[in-house]
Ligand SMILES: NC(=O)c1ccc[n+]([C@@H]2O[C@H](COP(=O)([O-])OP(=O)(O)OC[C@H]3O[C@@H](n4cnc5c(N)ncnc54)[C@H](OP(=O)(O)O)[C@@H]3O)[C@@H](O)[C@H]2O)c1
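Okay, so here's just one chain, in structure tokens, the form predicted on its own.
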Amino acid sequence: MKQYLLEPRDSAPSEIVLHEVDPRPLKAGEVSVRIEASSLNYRDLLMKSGLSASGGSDPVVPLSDGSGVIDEVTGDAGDWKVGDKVALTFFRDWQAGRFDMAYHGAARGGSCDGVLAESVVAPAHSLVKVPGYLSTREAATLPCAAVTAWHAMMERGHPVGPGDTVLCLGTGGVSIFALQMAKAAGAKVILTSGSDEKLARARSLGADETINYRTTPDWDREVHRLTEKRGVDAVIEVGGPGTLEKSMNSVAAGGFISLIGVLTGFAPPETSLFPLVKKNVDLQGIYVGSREMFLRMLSFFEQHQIRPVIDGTFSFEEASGAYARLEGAQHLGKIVIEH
């Protein structure tokens, strides 16, 4: 069996190296999944660069997001059977309920092996069944970015719906999924990007208003203009410290900001957080979600027939090219590797 390993080097970044290994025998409660597709997230660049604290010092199979078909089961693997089309959860052991820091010990592609392999052995409790209308290529984009967007808008606080306006920063996986979900839920969406071409594509996906943050650097003022000075009900904040001030300016009283990404780095914000208090705003940290959230999201996807937006596809042997595409930041939506 072939699998990639993210191998640490004396100097960052790490390298992804293809290896031939013997498949591991199944233990009680496990299944074997023949991976047909995987996808990348910004976290995978952080893992490769050594900037993420979620990895260990040992080589690890990279990537958290994968989908495929079960090709072997143990006798106590529940209702799973050979031939089932499945996706793997990001947090292997977070099944339901409130998050616990112990779940970080089994975050795929970081603290435990991920999915950039021909086959993966996984506990039966860490899989979800893929709806019939989705291909495994599409399902491979869901475990991290889609569940993150769902958690941010539909699970924490009040669910986004008709009458709400959502601000999505950028056109990466989380923001595009948030756009699709918000529109399906009946909300309005304002989306930012530094590319007019990407903004045009976002409008074709349903964005009601778009802002080019390069030509309109004070994009928070434009958000106020577009919302008649009210602000937005929810912000999908993927930038971090470099964009948080403008996100706080953009959110309406009683709204919420979902702090998800660190595209502008890990430094503290250089601004007062008092606007959160003044406007009674919730600032919520979001890091993917549980298996139960994943299942509720899949039900919503099936109801609205939502299909992931895939920017490009690479072969298993071209995995390094997929990393390069993500690092170049020219993509819109998700980048997929077909195994």
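One rule holds for the numbers: they count along the sequence shown, beginning at 1. This is a predicted model, so every value here is computed, not measured.
A second form of this protein, the form predicted in complex with the named molecule, is not displayed here; the remarks below concern that form.
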query	finding
Partner-contacting position among Val281, Ile286, Val61, Met293 - heavy atom within 4.5 Å of the named molecule in the predicted bound form	Ile286
Answer option from Val160, Ala139, Ala207, Ile260, heavy atom within 4.5 Å of the named molecule in the predicted bound form	Ile260
Heavy atom contact within 4.5 Å of the named molecule in the predicted bound form, the stretch among 28-36, 42-50, 270-278, 303-311	42-50
Heavy atom of Tyr213 within 4.5 Å of the named molecule in the predicted bound form	yes
The named molecule contact in the predicted bound form: Ala329, any heavy atom under 4.5 Å	yes
is_contact(Thr148, the named molecule) in the predicted bound form, heavy atom dist at most 4.5 Å	yes
4.5 Å heavy atom contact, Lys188 and the named molecule in the predicted bound form	no
Any residue of 69-96 that, in the predicted bound form, places a heavy atom within 4.5 Å of the named molecule	none
